[in-house]
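A single chain comes next, written as structure tokens; it is the form predicted alone.
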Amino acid sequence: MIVCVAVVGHQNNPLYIQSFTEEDDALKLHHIVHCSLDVVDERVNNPKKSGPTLNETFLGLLYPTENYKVYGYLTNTKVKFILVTTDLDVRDADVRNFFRRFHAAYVDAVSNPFHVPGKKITSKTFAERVSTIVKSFGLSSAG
């Protein structure tokens, strides 16, 4: 189950963070997202030490915690997508598909002429699309 998704700007400023749990966990999930930015920077700045090449946008599993797994995705404009899940047996194909759909929703949201680049994403349509994508996560592989 996905518990948090985030969009972080190229200067590590949060553009969108949505948690899908109780309010008690929201602060902890924001902290996990913030900590994952160090791992993203390390992988981007030291490509020889980690698996993905510079052309690969999917960063894979950033790090596991006791209760969560954190995945990352980096766009061509250095905007980072972070996914926090409680599932311990997530397939990379499902996560890649999630990020592909999430990226498409993000592109649609920032293509809005009323959106100011670099500012928080406040679009209700984007939030609804994200909720739909999160609810459908992993269902394609269940059948």
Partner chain sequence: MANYLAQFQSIKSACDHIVISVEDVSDLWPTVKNAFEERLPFKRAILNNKTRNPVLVDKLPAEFILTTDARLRSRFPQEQLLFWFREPYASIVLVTCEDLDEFKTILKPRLKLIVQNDEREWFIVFVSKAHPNNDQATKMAKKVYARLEVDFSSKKRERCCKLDIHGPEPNFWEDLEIKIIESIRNTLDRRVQFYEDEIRKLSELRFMPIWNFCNFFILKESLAFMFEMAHLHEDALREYDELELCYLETVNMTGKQREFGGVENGDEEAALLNFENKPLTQIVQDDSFREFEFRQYLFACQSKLLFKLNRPFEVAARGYTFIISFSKALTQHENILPFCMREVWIITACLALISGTYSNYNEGLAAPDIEKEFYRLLGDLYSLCRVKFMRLAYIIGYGSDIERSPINSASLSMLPWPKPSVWPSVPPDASSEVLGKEKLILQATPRVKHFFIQRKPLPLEPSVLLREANRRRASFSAGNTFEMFDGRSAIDGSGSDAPLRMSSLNKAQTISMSRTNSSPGFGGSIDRPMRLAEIFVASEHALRQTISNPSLWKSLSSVEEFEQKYLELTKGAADNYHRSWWKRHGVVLDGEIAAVFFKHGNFDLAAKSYEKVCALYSGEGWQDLLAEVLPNLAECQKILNDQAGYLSSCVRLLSLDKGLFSVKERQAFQSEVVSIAHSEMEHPVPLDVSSLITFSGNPGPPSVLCDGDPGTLSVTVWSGFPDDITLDSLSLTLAATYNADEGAKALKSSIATVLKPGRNTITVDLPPQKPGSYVLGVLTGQIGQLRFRSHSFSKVGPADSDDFMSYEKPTRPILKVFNPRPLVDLAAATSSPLLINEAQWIGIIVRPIDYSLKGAVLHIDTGPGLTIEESHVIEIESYIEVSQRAGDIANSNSALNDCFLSDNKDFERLSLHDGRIQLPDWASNVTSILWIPVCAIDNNLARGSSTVNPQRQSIVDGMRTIALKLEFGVSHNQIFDRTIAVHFTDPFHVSTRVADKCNDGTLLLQVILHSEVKATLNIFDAWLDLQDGFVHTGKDDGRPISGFFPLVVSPTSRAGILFSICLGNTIAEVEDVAVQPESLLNIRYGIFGDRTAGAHPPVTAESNGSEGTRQDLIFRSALVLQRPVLDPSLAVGFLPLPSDGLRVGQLINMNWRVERLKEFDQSKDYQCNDEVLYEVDANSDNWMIAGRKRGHVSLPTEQGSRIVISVLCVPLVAGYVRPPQLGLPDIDQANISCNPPGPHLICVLPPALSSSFCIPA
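Numbering follows the first chain given and starts at 1. Just so it is clear, the structure is predicted and the values come from calculations on it, not from any experiment.
The protein also exists as the form predicted in complex with the partner chain; that form is not presented, and the subsequent description refers to it.
Note on contacts: among Arg100, Lys78, His31, Arg91, the single residue with a heavy atom within 4.5 Å of the partner chain in the predicted complex is His31. With a 4.5 Å cutoff on heavy atoms, Asn12 counts as touching the partner chain in the predicted complex. Although the partner is absent from this view, Lys135 stays clear of the partner chain in the predicted complex, with no non-hydrogen atom inside 4.5 angstroms. Looking at Arg129, you'd find every heavy atom of it more than 4.5 angstroms from the partner chain in the predicted complex. Taking the partner from elsewhere, Leu27 is found to have a heavy atom lying within 4.5 Å of the partner chain in the predicted complex.
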